[in-house]
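Heads up, the chain below is alone and in the form predicted alone; it's given as C-alpha cells.
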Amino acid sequence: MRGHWHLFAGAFLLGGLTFSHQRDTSIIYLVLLLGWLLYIFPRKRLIVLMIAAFVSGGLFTSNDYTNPPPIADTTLNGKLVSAPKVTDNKTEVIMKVQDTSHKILLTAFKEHTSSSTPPSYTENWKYGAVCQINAPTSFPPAATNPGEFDYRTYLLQQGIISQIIITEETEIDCSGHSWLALLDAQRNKLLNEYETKLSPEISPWLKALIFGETGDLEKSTIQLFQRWNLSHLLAISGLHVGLIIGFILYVLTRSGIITTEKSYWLLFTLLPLYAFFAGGAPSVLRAVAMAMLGMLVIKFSAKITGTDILSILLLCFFLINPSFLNQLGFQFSFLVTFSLLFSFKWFKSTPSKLVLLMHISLLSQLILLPLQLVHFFQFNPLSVFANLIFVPYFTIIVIPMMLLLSILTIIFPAIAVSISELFLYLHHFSLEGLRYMDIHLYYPWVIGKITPLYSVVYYIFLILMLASLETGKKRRAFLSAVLAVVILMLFSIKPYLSKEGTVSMLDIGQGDSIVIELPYRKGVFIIDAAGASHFSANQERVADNIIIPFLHSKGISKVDAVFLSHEDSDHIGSVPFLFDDLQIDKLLVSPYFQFPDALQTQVLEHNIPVLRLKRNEVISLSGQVFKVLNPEKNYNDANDNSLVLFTTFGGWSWLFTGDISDKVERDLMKVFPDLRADVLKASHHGSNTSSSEPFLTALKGKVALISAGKNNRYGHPHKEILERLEALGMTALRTDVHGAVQFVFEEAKGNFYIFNVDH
C-alpha cells in the first residue's frame, strides 16, 4: 500500500466525477480510468483496489443537482450547523432539517440597506441552536444564461436544497447553542477588536490573511488579484499555515518557554482551533490536517511519503463531506499540492532559489489552468511573472507582518499602530505597482469554457511533461509541454472552424440583450445591452454577471458592432460597463439617439466610432446584411425612434423592433407592404402598446421572442398579446419562462433551443 495511495485517491475521484456528470462527460472519465488500469496492468492487486475505489467514489459523491427533493412541510424543525454570515444587507445561516440530511439556507434581509445591524431575531442564530420555522421554502435561483454563475447548483453541491427568506420574527424561533457558538463569539470579538484598534486600511488585510475574512477588502482589489491569478494569496493556504507554524515554533523554542517536543504537541492542539478561527475553508482544513499528520509522522518516525499523506487526507475529506469534490477552493488546494509533491525531484535539481520559485510559479499556473478556464474562461499569461513578484512579497513581508500585528494589537496596540503605518506605506506602493501592471500589461487570453475532453488531454500531456522532467528527459518534456499548449490553442480556434452560428436572447430581467455570432466566428454583434434597474445600487450587475460571462464563456473578447435601439436603460444600461472587458469596434444608433452622460464618457475615452442609421440604409458587417426600417423621422419619443432592423439567419427572416409602438407598426406596413418575418423580436417586452393584430398578421411570423423580467411590475408580456400570438399560430419564447433562448443556425437551416433546465 505504501507509495500507492495516490492511485486509490485518483480512482476514487474519477468515480465521483463519472457518476455525478452527464453521460457524454462520464464516458471520458471512464476511458481515462481504463487507460490508467492498462498502464499498471501487471499489478493485478492494485487494479482490483482501484476499481473498488472507483465504485466507492461514485457511491459516495454522486448526486443529482438538477432535481432537488422538495420540502413540503409548513413547519420545519432543525439545528443550525454554521455560524451566521453577516453582510451589508443580509444575514445567512445554514440549518439541517431534523431527521434528514437536507440543509436549508436561512436568509434575513435588513429592513433598510443603511441599517448597521441585522434584524433582532437573528441574535439567536448561533451554532447548534434548535429552530422551528413557519415560513415557505423556495428553490434558490438557478442560472438562466450560459456562462452565468449558477447559485442553485452551487448550494446544492453543498447539500443545501432550498432557501427560506425570513421576514418576520414570528416565522422563526431559535434557542440554545453548542460550544462552537462560544468559539464563534470569541472569533467575532477578536475581529471587532482588530477593526477598532487598527486603521480601516490595514484591518481588512489582517482579517483576510489571518482569519479568512475577505468581506472587508475592496471589491476592486479582489478583482485585481483575480485578474492576475493572485487570488490564492488572499485565501489561507498551506503557505499561510506553514508560516504560522514556523513563527510559533521559532518564538517558543528561542524564548525557552517550553521544549521543542512540547511545542509540537501545543501546535497539534492549537491547529484545529486555528482552522475554526480561520473560517474552516477547504484550503485551510487541508493545510491544517496535513501539517498535523506531518508532525505525527516526524514524531513517530513513520515511513510514509508526502503524496500518501495527501492522498489519505483526500479520501478522508471525501468520505466526511462528498460536497468537497465540487468546491473550487478544495480543488485548487489539493491539485497544486499534489503537483508540487510529485515534482519534488525536479525541484531538487534547480540551480538557484530564483529558478526554483519560477518553476513552482509556472507549475502552479499550468496545473490550475483548465479549472480557471472552466470557471473564469480566461487566462493571463503574464500572471506567471506577477506571481514571481508577489508570492515572495506576501511570503516574506505581508503574511509575517499580519501575524505579528495580530499579536501586537492584543498586547501592545500602540506599537501595532505604529508598525502598521510603516507597513501601509510599502503595501500601498506594491498595490499601485500591480495596478500599473493591470493598466499597461493586462492582456488576457479569453479561451472560453473548456470542455472535459480537452481538459483531460491537456492534463495527460502535462503529466507526461512532469514525468519526463523527473527522469531528466528534457526533450520529451519540452515536446509534451508544446502539445499541452497546442490542445489549448485547438480549443480556442474551434469557433473559427465551426459552421454553426447563434442568435442568443439573454435573460437579463426586464430589458433586451441579444448576441449574434456568425458561423466561423466571422463576426459578433450585440443588439442592446440592458442594465440593472435605476433603483439598483449595483448598476454594473447585469454586465458583470450575465453579458460579459456569456461572451467570455464562448471565447469572445471582441465585438464587431453594438446596435443600440434607443437610449432607455433597459436597452443600453450595461453598455458603459462593457468597454473595459471587451473590444468594441463600433456603435450603431439612430439619428435621434441621445447619449447618456456615462455612455458618452466611455465612447470618447475609448475612441469608439459611432454610426447613425436611418430608414432604408443597408449595412453589411462581416458579410451579414442588416436593413434599417426605422426611424425615418423624429417621433419625439425614444421608444418610437427605436432602430428597427431586418436580416436573415439560417434561412429565417428576422425583425428586431426595439420598443416601437403600434403607431410605428402602421407606418412600417404602409412603407413596406410586403414585409414578412419568420422571427419577430416582440416590441416593448410584449406590451399591449405594440404587436398589434394587423402587424402580426401581415408579418406571417412563426416565432415571437419576448424579453421580460420574471414577475415584473409592468405585467409584461400582457395576456392579450400572448393570446394574439397563439391565435395566429406563433410560438412565444420568453426569457421570464424559458431563460436564455438560442437559435443555432447554419447557412440555410436553424433551430431554437432554451437554456433554462427548469422548463
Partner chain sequence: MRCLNCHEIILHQVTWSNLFSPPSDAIICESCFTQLERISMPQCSICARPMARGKICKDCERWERDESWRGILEKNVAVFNYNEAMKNIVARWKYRGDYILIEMFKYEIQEVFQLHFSQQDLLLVPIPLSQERMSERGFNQALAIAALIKAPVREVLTRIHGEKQSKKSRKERVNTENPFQLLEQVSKPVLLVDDLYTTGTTLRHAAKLLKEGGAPAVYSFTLVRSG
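Residue numbers count along the first chain shown, from 1. Given the structure is predicted, the values throughout are model-derived calculations rather than measurements.
In what follows, reference is made to the form predicted together with the partner chain, a form of this protein that is not presented.
Undergrad: Choose one stretch from 313-321, 360-368, 405-413, 494-502: the one whose residues place a heavy atom within 4.5 angstroms of the partner chain in the predicted bound form.
TA: Checking each option against the 4.5 Å cut-off leaves 360-368.
Undergrad: Tell me, which of 169, 632, 470, 438 has a heavy atom within 4.5 angstroms of the partner chain in the predicted bound form?
TA: Selected residue: 470.
Undergrad: Sort through 327, 602, 263, 343 and report the residue having a heavy atom within 4.5 Å of the partner chain in the predicted bound form.
TA: That would be 343.
Undergrad: Would you confirm whether the three residues 676, 700 and 703 all fall within 4.5 Å of the partner chain in the predicted bound form, going by non-hydrogen atoms?
TA: Verified in the predicted bound form; spot residues all out of contact, no.
Undergrad: Give a yes/no on whether residue 31 approaches the partner chain to within 4.5 Å in the predicted bound form, heavy atoms considered.
TA: Outside the cut-off, so no.
Undergrad: If we define contact as a non-hydrogen atom of the residue within 4.5 angstroms of the partner, is residue 728 a contact of the partner chain in the predicted bound form?
TA: It does not: once the partner chain is placed as it appears in the predicted bound form, residue 728 has no heavy atom within 4.5 Å of it.
Undergrad: Can you work out whether residue 43 and the partner chain are in contact in the predicted bound form, taking contact to mean some heavy atom pair no more than 4.5 Å apart?
TA: Within the cut-off, so yes.
Undergrad: In the predicted bound form, is there a heavy atom of the partner chain that lies within 4.5 Å of any heavy atom of residue 182, even though the partner is absent here?
TA: Outside the cut-off, so no.
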